[in-house]
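Next up is one chain by itself, shown in structure tokens, the form predicted on its own.
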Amino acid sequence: MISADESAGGMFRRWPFFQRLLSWTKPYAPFERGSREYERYDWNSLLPEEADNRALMTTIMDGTSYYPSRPEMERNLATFAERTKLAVRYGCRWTTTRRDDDRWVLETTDGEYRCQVPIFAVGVSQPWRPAMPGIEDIPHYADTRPAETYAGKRVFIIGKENSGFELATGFLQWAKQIVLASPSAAKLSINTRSLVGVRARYVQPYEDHVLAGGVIVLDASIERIERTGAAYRVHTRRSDGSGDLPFEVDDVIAATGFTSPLLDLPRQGVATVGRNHLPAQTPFWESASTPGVYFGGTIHQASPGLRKHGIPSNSGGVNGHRYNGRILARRVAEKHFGITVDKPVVAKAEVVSYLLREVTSAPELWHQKSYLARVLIRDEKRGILDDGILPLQHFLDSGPADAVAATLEENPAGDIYPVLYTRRGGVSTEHDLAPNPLHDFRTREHEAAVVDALTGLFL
């Protein structure tokens, strides 16, 4: 492992700008800290094998909020790296990439590294700006000044996603007027009933807009930005076709998102997708265009999965990609190094209760709904085997001939319910189970539904 940072947690020395994360850690939860079930309530701790190093974030937070502060997250990662004795070469920057027969060569500021399998976990941390006249002359979110320097200013923020609303929240007591603008309407997570949209922590600017309290949330394209002495003129065009609307403001900030610093990987054949040009990936986070190149961490969000009901994965956060990472390690071990993981046998009499226990409490399934699944396969010699947690899309595209995948899904109404995907002779069938207001699916109704789905396959 090499890192350009001087120590673990480097990104959290800079962002989020206004300190608090959007991911929570709940010290007091229905399950014991450090248990697998507890991970559902702790979105920020990493997942070591050693029991003593689990749920580390709970030992670092000061108790003022269950959203960790930026310095607390930095200490969480640094403590994890120190206590697990991870071998990391810090201050080592990757500069170029090339192939040498069957090896990849990574040139760095500390010399060359040769490997069979490179995994790039470089984050989605490089400021990205859309094509827009004048945008090159304004600061990006990454360049935001201290909040008090915006006192008494009129501030125009380009973008209506979390980063834009985060800045607006931090400026509320300072700026005399705040405008947030983009062509599409703002989506709020409390309306989408998912992590899609602006999170509840940043809703105050939206309420101020609704109540005419000094914030304007505008659906409009930004046509161009002009410098007018010490100020700016922002030309917008309303999305509803009602005409142009210019703004005279003191500051403009581009909260337009980030991309990955891929350096020369596109020249090595790594294709990118989407407006932010993230690397296109398979369900196992391998480059879709350059086999043998893998990605880790927040870049996994570019492998979206099925997007059932339009809801993406949680791979952009620690609580999602930490599980992807375990699966990725297994995949690389099996595919490239011939290391196989044992598949334990599940007794036929325990299959139903096991699957219902998983959909009730497995953190992998709760954090990665419609994305990761618990997979059981039928082996003619050994019986029913537990194939572990795997990407649901892979199971449906090319899974075993006779198997079942158990996952959780959430519909637009906010109902969370288990789904079993069975494969008989390679043909997949979907079985939706009923939701439960307490999210406990270990009921007789659910038992009967699972038995019905698995009859003739496992039962």
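Just so you know, these numbers come straight off a predicted model, no measurement behind them. Position 1 is the first residue in the sequence shown; the rest follow in order.
There is also a form predicted in complex with a small molecule; it is not shown, and the following applies to it.
>> I have A329, V346 and I389 flagged as a candidate spot, so tell me whether each of them has a non-hydrogen atom within 4.5 Å of the small molecule in the predicted bound form.
In response: No, the candidate spot makes no contact with the small molecule.
>> With a cut-off of 4.5 Å between heavy atoms, is T298 one of the residues that contacts the small molecule in the predicted bound form?
In response: Yes, T298 lies within 4.5 Å of the small molecule in the predicted bound form.
> Do S239 and the small molecule come within 4.5 Å of each other in the predicted bound form, heavy atoms counted?
Replying inline: Although the small molecule is absent here, S239 would stay clear of it in the predicted bound form, with no heavy atoms inside 4.5 Å.
>> Contact with the small molecule in the predicted bound form for V249, defined as at least one heavy atom pair within 4.5 Å: yes or no?
In response: Output for V249 is no: heavy atoms all beyond 4.5 Å of the small molecule.
>> Is it the case that L459, even though its partner is missing from this view, gets within 4.5 Å of the small molecule in the predicted bound form, heavy atoms only?
In response: So L459 does not count as contacting the small molecule.
>> If the cut-off is 4.5 angstroms on heavy atoms, which of these, F165, F171, Y141, Y294, is the one near the small molecule in the predicted bound form?
In response: Contact residue from the list: Y141.
> Of the residues Y113, W128, W94, Y206, which one places a heavy atom within 4.5 Å of the small molecule in the predicted bound form?
Replying inline: So the residue touching the small molecule in the predicted bound form, by this definition, is W94.
> If contact means any heavy atom within 4.5 Å, which of 309-317, 270-278, 230-238, 354-362 contacts the small molecule in the predicted bound form?
Replying inline: Answer to the contact question: 309-317.
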